[in-house]
Structure formats: structure tokens, C-alpha cells
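Consider the single chain below, provided in C-alpha cells and representing the form predicted on its own.
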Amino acid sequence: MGYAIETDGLAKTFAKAEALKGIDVRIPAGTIFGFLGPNGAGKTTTVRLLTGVLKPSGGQARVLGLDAAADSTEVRRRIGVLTETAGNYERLAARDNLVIFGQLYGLKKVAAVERAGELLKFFGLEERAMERVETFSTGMKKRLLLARALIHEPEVLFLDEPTSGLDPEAAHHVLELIKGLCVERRRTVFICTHNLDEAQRLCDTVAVIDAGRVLAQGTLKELEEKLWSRAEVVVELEEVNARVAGAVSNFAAEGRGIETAAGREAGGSEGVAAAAAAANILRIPLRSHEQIPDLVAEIVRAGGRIRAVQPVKHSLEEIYMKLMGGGGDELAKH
């Protein structure tokens, strides 16, 4: 399928300030990509370089195989952009908003009207097509803006905080529509957002940027494996007695302590038994998840009765905070 977006050493300097310090990003076609980072990290500058609005000070950006700087007109013809502050023509009907933008992108009026009808149906606005946008809810207006960004059938869609200002129900609807664009219409979607929960649910891959540098990029599983060298598993038992505690402690990787659900640390079998007296849930460090079957067998041999076993999964928020706290420096060493 190839990459829809690639950057190699992409850099941008304003006066004496380095906004981007040589970033390398690869985004497969037909996927949803999340670009995460604090304000001032370089997200907006990156998008402006990718969309041909700015020219780089160094490196290169390619969108759909085109040089974003040298072929900026063709790039903009094949992409759609929705900024956080974009607005509709409030006193015009929904369909007219789309038709006008379709014609601005070079569509004949008949084609623009047909395309507008398709998009209004896809975004659930068909019955309100001839009503003024000023009568729409915030969620409906956001859906119309998404439709407008797609009026010329772009292959790549850039979205900045697509659910900003929406209530939970409207935000959920917009996210489902974005998923549909990727799955049903094979669009590549590039999202800048501060909403880590939404990014975790929506994105196939993410990149975290700070101070003009990409700290890490990949799927959540890839980033988790890079940032946490050990695996962990949570085991719920009917009872944690001394025999079970001893077996678990002996099994734990390199003698590390066992943490109970109450958050206490225990160093050996006696400590595990004492700490587990108030809780029958243990959080156990392992060398890898491949050890889980052996751990379960060891607990059973010790007479333990297991209610549940759950590998610990780190959230995108945990990944983000670890990277921002210096985890990215550790990745760079490898």
C-alpha cells in the first residue's frame, strides 16, 4: 500500500528559532495517524509544511509521493484540511456551503451538487440540506465542516482537534464518521489532538513531538514494548496464602517485588502474604507475556485458585507522559 506521508530530516527555522529539528515520520496509506504534543511542540508547523503552506529550511516532506514544497499546488488539490477554527457560511444552506467549496476546488456545478448530496447523506445531514447552517447544533456544524473538507474527494485529510467544543455524544458521532472515512473510503487521516483517549480509540499509529523533535512513533503496542522492558500481569485469586505467595515471589522476574491492588510493595514471600491479606489481587512483573502460562501453572501447583488473569496494558496517556518525562531519551539510545 505504501506511505501516504513521509518526512526525512524535516526542519524549519523562523529567524533564529528552530521550530522543527529534523523529524522523520512514515504514515501508511489508508490509516489514521495521531500527532500528539504540547502547544508549541511543532505540530502546526509540521502540518503547514506537509500542506505546502510553508517551505522547509531543511529535509523533505512527501505527500502522496509528491514533494510538498515543489509540488504544493498539486498536493493541495489532493488533500483536505480542517483547522480547529474553521467556520461555515452560517446564513447559507448546508448544501450551498458544500457546492460553493466544490466549485472553488474546480468541480462543475452539477458535479458539486451531486457530491454535496452524497456527503450530506454520509454525514447524516440529508434532511437538513436546505436549512441555514445558523440553525444547526455545534455537532452538526462540525460534521458539515468535515463534509466540506471532503467535497473534492481528497486522498489525505488533515484534521486539527476535530471534536473540540463538542458534547460527548456529538464527539462520538464525529469519531465514528472519521473511522468510516478510513475504513469505507480508504482515506488517510492525519489528526492533531490533545485528547489522548480519543487518539487511543481512533488512531492506528501515533507520533509524539516535543520541542521540534519526534520522541517516538508507532502503534500503541510497539511504543509500549519499547518503553517498558518488562511485562506485568494482574492475577485475581480466591485467596493468597503463604504457599501461593512464596510460589509467586519465586517466579517473579529477578526477585522484583509483587504489588497488591492496594499499591503496596512486598519483597519476599512473607511480604507478599502480609501485603495480600487486604487484597487477593496481585500485580506481578515478568520478563515477557510468554511467561504467563507458566506463572498460572505455578500458582495452581501451589494450591491457588485463580479467578482472573489479565496482562497489564499501558494507556496512550501513560505512554505520552513517560515520553514527555524523558522516556524518549531512553528510546533514542537504542
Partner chain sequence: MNWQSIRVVMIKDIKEIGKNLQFWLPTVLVPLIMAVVLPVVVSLIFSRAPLNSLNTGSWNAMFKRMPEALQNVFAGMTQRQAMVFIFANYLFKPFFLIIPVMVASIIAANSFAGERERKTIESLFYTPVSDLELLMGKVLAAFVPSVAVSWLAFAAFVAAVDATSFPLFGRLILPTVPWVLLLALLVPAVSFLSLAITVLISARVRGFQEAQQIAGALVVPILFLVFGQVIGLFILDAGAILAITVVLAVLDYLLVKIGAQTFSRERVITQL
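Numbering follows the first chain given and starts at 1. Everything quoted here is computed from the prediction, not taken from an experiment. Between two forms, the rigid core is the largest collection of C-alphas that superpose within 1.5 Å.
The protein also exists as the form predicted together with its partner chain; that form is not presented, and the subsequent description refers to it.
Participant: Go through A86, V234, A111, A129 and name the one with a heavy atom inside 4.5 Å of its partner chain in the model of the complex.
Facilitator: So the residue touching its partner chain in the model of the complex, by this definition, is A86.
Participant: Looking at R26, R62, R283, R48, which is the one with a non-hydrogen atom within 4.5 Å of its partner chain in the model of the complex?
Facilitator: Selected residue: R48.
Participant: Quick one: is R201 in contact with its partner chain in the model of the complex, heavy atoms, 4.5 Å cut-off?
Facilitator: No, R201 sits far enough from its partner chain in the model of the complex that none of its heavy atoms falls within 4.5 Å.
Participant: Taking its partner chain as it sits in the model of the complex, is R76 in contact with it (heavy atom to heavy atom, 4.5 Å or less)?
Facilitator: Yes, R76 lies within 4.5 Å of its partner chain in the model of the complex.
Participant: Does at least one non-hydrogen atom of L107 fall within 4.5 angstroms of its partner chain in the model of the complex?
Facilitator: Yes, L107 sits close enough to its partner chain in the model of the complex that at least one of its heavy atoms falls within 4.5 Å.
Participant: With a 4.5 Å heavy atom cut-off, would you call K141 a contact of its partner chain in the model of the complex?
Facilitator: The answer is no: K141 has no heavy atom within 4.5 Å of its partner chain.
Participant: Do all of L54, R91 and Q103 end up near its partner chain in the model of the complex, with near meaning a heavy atom within 4.5 Å?
Facilitator: So, yes: the whole triplet contacts its partner chain.
Participant: Considering its partner chain in the model of the complex, find the one stretch among 172 to 180, 68 to 76, 210 to 218, 235 to 243 with heavy atoms no farther than 4.5 Å from it.
Facilitator: That would be 68 to 76.
Participant: Could you list which residues of 139 to 155 come within 4.5 Å of its partner chain in the model of the complex, counting heavy atoms only?
Facilitator: Heavy-atom contacts within 4.5 Å come from R148 alone.
Participant: Core superposed first: is there a CA shift of 2 Å or greater at A93 between the shown form and the other one?
Facilitator: Shift at A93: 2 Å or more after core fit.
Participant: If you line up the core, does V133 shift 2 angstroms or more at its C-alpha between the shown form and the other one?
Facilitator: Yes; V133 is a residue whose C-alpha shifts (by 2 Å or more) between the shown form and the other one when the cores are overlaid.
Participant: Quick one: once the rigid core is lined up, does V113 have its C-alpha move by 2 Å or more between the shown form and the other one?
Facilitator: Moves: yes, 2 Å or greater.
Participant: So the Cα-Cα distance between G180 and A129 shifts by 3 Å or more in the model of the complex; is it shorter or longer than what we see here?
Facilitator: They are farther apart; the C-alpha distance rises by 3 Å or more in the model of the complex.
Participant: A 3 angstroms or greater change in CA distance between N88 and T45 is reported in the model of the complex. Closer or farther than in this form?
Facilitator: Distance between the C-alphas of N88 and T45: shorter in the model of the complex, by 3 Å or more.
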